[in-house]
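Here's a solo chain for you in structure tokens, the form predicted on its own.
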């Protein structure tokens, strides 16, 4: 449902380039010339693409722009829904019946005193295997994905060895397609069924998010308000969003460090800089790719453009995070950047609740990588990396490296 009468052929297509190692030229041009631009999505719908920092921040912080309503029937879409619409609605209800409290406790690094040492052991265990097998090694399959997925298995309270079956579900669930496809719904319910079985296992789970849900369910008030399917939906959504985002970040960070070895040398020589380094690599990375969608709930003035209620607005994070008005020399990775208010974790009520956990995950992983793999470099020219088409994140299909 769109309001513009502009001929279909005149609007530029979105998403932009899928290549993840180079900022799309269109992002720079739009930010400079048309920071709120009309585009056509892959579904054929019209949308407003927001590409400078201040306007992106405005959209993310203004409750008149809704994430939950992007799943409503009849609204313009960024791409076809590949998970059931009720999943998005369920996530919109995460504040009810103590669910938010359970999720927030799970996502706090302080909730698990052993988490830091456990993550460090996981990173070094994976790198032991990489080193034993020798170079070149695919750090996507051998490190970034298993390390990130193992963390989220622990958070949810499921066996770490089950990581690959859930990650394979993500490969289908997060496809971006112009129309629905047959495998998307059974893919979702297959993984949901697995988590329902874990939630209702005998003995009942006692750790992680599922353990908290078991306790929550024992309250008579709560048991009447939430279903097991809602609890499993929240757990599965947390795994999917968290594992793919953290793994994608690590892969982009590895590419950056491999291309600029002086950055890895500095992390090795000055371990204390790792916190600032992770924030700068978060700003610099181009993994988000498809922009953050919102539906306008009212008429809103955005810059010089009047957004109408019901229209789709897309926040181009790489546009905002490379805005030279906020980040001088944005294409330079600067671990000493004085101010770094990047939007890699979103903003407003949908600011990523796992931001502290994500930083811990990244700091431990990158510290281990630069220590264990000195001389880290790509095993092929960066131009030869194959970037996955039609996926919610910009990801290389493989990430072969030498050291």
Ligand code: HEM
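Predicted model only: the values in this text are computed from it and were never measured. Residue numbers count along the first chain shown, from 1.
There is another form of the same protein, the form predicted in complex with the ligand; it is not shown, and what comes next is about it.
Engineer: Can you work out which of 378, 67, 36, 370 has a heavy atom no more than 4.5 Å from the ligand in the model of the complex?
Structural biologist: Contact residue from the list: 67.
Engineer: Taking 4.5 Å between heavy atoms as the contact cutoff, choose which of 302, 333, 241, 153 touches the ligand in the model of the complex.
Structural biologist: When the ligand is considered in the model of the complex, the option within 4.5 Å is 241.
Engineer: Counting only non-hydrogen atoms, choose the one of 291-299, 194-202, 160-168, 178-186 that falls within 4.5 Å of the ligand in the model of the complex.
Structural biologist: Of the stretches listed, the one contacting the partner is 291-299.
Engineer: In the model of the complex, does every one of 44, 76 and 79 come within 4.5 Å of the ligand, counting any heavy atom?
Structural biologist: The answer is no: none of the three residues contacts the partner (heavy atom, 4.5 Å cut-off).
Engineer: Can you tell me whether residue 344 touches the ligand? I mean in the model of the complex, with a 4.5 angstroms heavy atom cut-off.
Structural biologist: Output for residue 344 is yes: heavy atoms within 4.5 Å of the ligand.
Engineer: Is there a heavy atom of residue 32 lying 4.5 Å or less from a heavy atom of the ligand in the model of the complex?
Structural biologist: Looking in the model of the complex, residue contacts with the ligand do not include residue 32, since no heavy atom lies within 4.5 Å.
Engineer: Considering only heavy atoms, tell me if residue 251 and the ligand come within 4.5 Å of each other in the model of the complex.
Structural biologist: Although the ligand is absent here, residue 251 would stay clear of it in the model of the complex, with no heavy atoms inside 4.5 Å.
Engineer: My question is simply whether residue 337 lines the interface with the ligand in the model of the complex - judged by any non-hydrogen atom within 4.5 Å.
Structural biologist: No.
Engineer: Heavy atom within 4.5 Å of the ligand in the model of the complex: which residues of 107-133 qualify?
Structural biologist: The stretch 107-133, when checked against the ligand in the model of the complex, contributes only 107 at the 4.5 Å heavy-atom cut-off.
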